[in-house]
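So this first bit is one chain, no partners, the form predicted alone, shown in structure tokens.
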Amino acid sequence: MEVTSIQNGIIIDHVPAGTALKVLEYLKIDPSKTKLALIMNTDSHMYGTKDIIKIEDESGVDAIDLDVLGLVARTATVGIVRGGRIVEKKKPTLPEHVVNIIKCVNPRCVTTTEPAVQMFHLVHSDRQEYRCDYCDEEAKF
């Protein structure tokens, strides 16, 4: 299989195997309207297997939210490509707060009964545990 290089855009590498489509969904990237390549379940020296997402886009890293990427693909790295070469690499981190990315699953939470901003805070970074700011329910995603 051959996937050609991109000239300008981003490469999201080291995405946990089998999760590339979920990552695109959380990043709000529509595959039907975006020039991209998905490489799924490819070999990785560090993780055994991984996914890779290549996005051809002039806006580069501004096209994605690194906080969201850190939340859904903690091991990922982002390479910014200009003129066919990687000019910068970024590593997303777990955000302390997330807003309107995760939804509270507690049926008694105010966010499930009324229109409200969905806000969660990081409790344990080692377990990637987030809790609702309103009811303290653990996030499920």
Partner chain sequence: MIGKSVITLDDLSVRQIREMLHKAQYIDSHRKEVAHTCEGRVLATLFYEPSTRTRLSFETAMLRLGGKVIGFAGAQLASVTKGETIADTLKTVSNYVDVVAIRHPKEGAALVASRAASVPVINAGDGGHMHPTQTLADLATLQSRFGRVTDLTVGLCGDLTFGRTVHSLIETLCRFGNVNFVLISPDELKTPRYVLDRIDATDSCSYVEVRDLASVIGDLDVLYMTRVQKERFFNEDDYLRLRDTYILDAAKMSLAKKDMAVLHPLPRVNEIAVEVDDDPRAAYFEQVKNGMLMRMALESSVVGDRLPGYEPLESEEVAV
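Numbering follows the first chain given and starts at 1. For clarity, every value in this text was computed on a predicted model and none was experimentally measured.
As for the form predicted together with its partner chain, it is not shown, yet the points below apply to it.
Peer 1: Given that the partner is absent here, does Lys35 sit within 4.5 Å of its partner chain in the predicted bound form, heavy atoms only?
Peer 2: No, Lys35 stays farther than 4.5 Å from its partner chain in the predicted bound form.
Peer 1: Any of the heavy atoms of Pro115 lying within 4.5 Å of its partner chain in the predicted bound form?
Peer 2: Within the cut-off, so yes.
Peer 1: Is Asn106 close to its partner chain in the predicted bound form, meaning a heavy atom pair under 4.5 Å apart or at it?
Peer 2: Answer yes; at least one heavy atom of Asn106 falls within 4.5 Å of its partner chain in the predicted bound form.
Peer 1: With the cut-off set at 4.5 Å between non-hydrogen atoms, does Met119 touch its partner chain in the predicted bound form?
Peer 2: Judged by the heavy-atom cut-off of 4.5 Å, Met119 is in contact with its partner chain in the predicted bound form.
Peer 1: In the predicted bound form, which of the stretches 25-33, 107-115, 43-51, 69-77 has residues with heavy atoms within 4.5 Å of its partner chain?
Peer 2: Only one stretch passes the 4.5 Å heavy-atom test: 107-115.
Peer 1: Across 118-132, which residues bring a heavy atom to within 4.5 Å of its partner chain in the predicted bound form?
Peer 2: Stretch hits, in order: Met119, Arg127, Arg131.
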